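The data below hold one chain only, encoded as C-alpha cells and taken in the form predicted on its own.
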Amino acid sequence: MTGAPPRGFARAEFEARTSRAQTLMAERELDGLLVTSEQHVRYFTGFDSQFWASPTRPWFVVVPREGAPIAVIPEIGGPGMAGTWITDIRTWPAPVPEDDGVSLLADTLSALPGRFGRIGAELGPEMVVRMPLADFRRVCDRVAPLEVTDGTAVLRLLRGVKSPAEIDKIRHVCRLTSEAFLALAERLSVGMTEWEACREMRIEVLRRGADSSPYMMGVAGRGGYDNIVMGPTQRVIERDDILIIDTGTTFDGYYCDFDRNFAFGKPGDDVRRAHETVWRATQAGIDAARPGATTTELWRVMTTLLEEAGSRGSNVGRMGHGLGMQLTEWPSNRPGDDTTLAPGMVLTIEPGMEFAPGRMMVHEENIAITEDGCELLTIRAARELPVIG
C-alpha cells in the first residue's frame, strides 16, 4: 500500500510526551514515573525491540519531574537504547537473578530531586509491573521513605490522547486492513477451515504492508457464532455458517482492531436483521462520538438501539475501547466509565448482541475524535452482510 507514514517519531514528539507527563506529575504530586512495560518504555524512548518476547530480563525507564528520562536497562540493550533520543543510560550485566537491576534502579529513584516524596508506577487496571514481584518489593523497601504509588492516571491521560503522528499510523493500518478484508471475500469458500480463512487474511494484510497481525480471531457457526474470543480452530466452514474475523494488525507499533462478518450461502432473515441491527448501532455510536460526549453515552445510544431490536444481551461487557500501541486500551465504552471524549482519542465502536439462543452478531469500526466530531479510520463495512457462494 502506498502512502505509508514515516516510521518512528521525531525527537520533538518524545520531548512533548515527556513535557506532558511532567505537567501531569506535578499536578498529581509525583516526583517521577517508573515504567516497566514494553509499550511505556517505547512511548517515552522510542526503544523498539523484539527482545520483549524474552521474559528473562526486566527493563526500566524513569521519567523525572524535571529533565529527560533515564533508562535503567540490561547491558544487552545499551547499543539499541543509545540509538534513541535517550542519553542517560544506566546498565547492569543481566541476567543477575540475585540483583537484577534492583540496586541500580533503587539508587536512580532515590537520587531524583524530591519535592513530594512519591513515585508513580504501573499499578492500576490495564497496567503491568514487568519485573518479579519480590524484586519490586525490594525496590520499594530500598527507596523508603520515598513512596512508590499508582501512576495509572498520568499514563492513561498521556496515552489516551494521541498525537497527529500517532493517528497517522493507526489510520494507515486501518485502511490497509480494510482493503485486505474487501479482497478476502474472493478467497473464502465453503470447505475451508477457520484457520485457513484467518491465514488468508493474515497473508493479505502482510502483503499490503502491515508489520504483523498478532491477533487474528476467526469463529464460524451455523446461523451465527457463540463467542468472539476462542478461534480460529480446524472447524470446517459449512453452508449456512456465519464467520466473523476480528483482527489486531500493526504498523510501526500501532494497532487497528475491527471485525467483518461473512455469510456462507444465503443468510436467514434473522441473521440479516441482526447484521443490520449491529451495523445501525455502530453508526449510532459513530454519530454520537464527539468532544464532550462520554463513553457511557456512546454505550447508551448503542444499547438502546440493540434492545429495541430485540437483543437478548451481550457477554462482552462493553461496546468498544481505546486503541493505539495496544490492541485494547483505556477507556471502555460501558455504563459508568464516564470518560469525557477529547480530540486525539482513538476508539473502537463495537456493538454486539445475542439475537437468538447461543447465536451472536458483533460489528466494529475504528474512529479518532476530532475538534467537531470524529473521523472514521476504517473503511465502513457494507450495510448488507457479505455472502460467500
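Bear in mind that the values here come from a model prediction, so they are computed numbers and not experimental data. Residue positions are given as counts along the sequence shown, with the first one as 1.
The form predicted together with a further copy of the same chain is left out here; the points below concern that form.
- In the predicted complex, a further copy of the same chain sits within 4.5 Å of a heavy atom of Arg7.
- Taking the partner from elsewhere, Phe136 is found to have a heavy atom lying within 4.5 Å of a further copy of the same chain in the predicted complex.
- Put simply, Arg42 is far from a further copy of the same chain in the predicted complex: not one heavy atom of it is within 4.5 Å.
- Contact annotation: Trp195 falls within 4.5 Å of a further copy of the same chain in the predicted complex, judged by heavy atom distances.
- Heavy atoms within 4.5 Å of a further copy of the same chain in the predicted complex are found in exactly one of 236-244, 301-309, 119-127, 274-282, that being 119-127.
- A single residue from the set Met216, Ala106, Ala183, Leu158 has any heavy atom within 4.5 angstroms of a further copy of the same chain in the predicted complex; that residue is Met216.
- When a further copy of the same chain is considered in the predicted complex, only one residue from Arg65, Arg57, Arg28, Arg359 comes within 4.5 Å through any heavy atom, namely Arg57.
- Contact check at 4.5 Å (heavy atoms) against a further copy of the same chain in the predicted complex: none of Ile286, Glu297 and Ala342 pass.
- Residues Asn315, Val316, Gly317, Arg318 are the ones in 290-319 with at least one heavy atom within 4.5 Å of a further copy of the same chain in the predicted complex, listed in sequence order.
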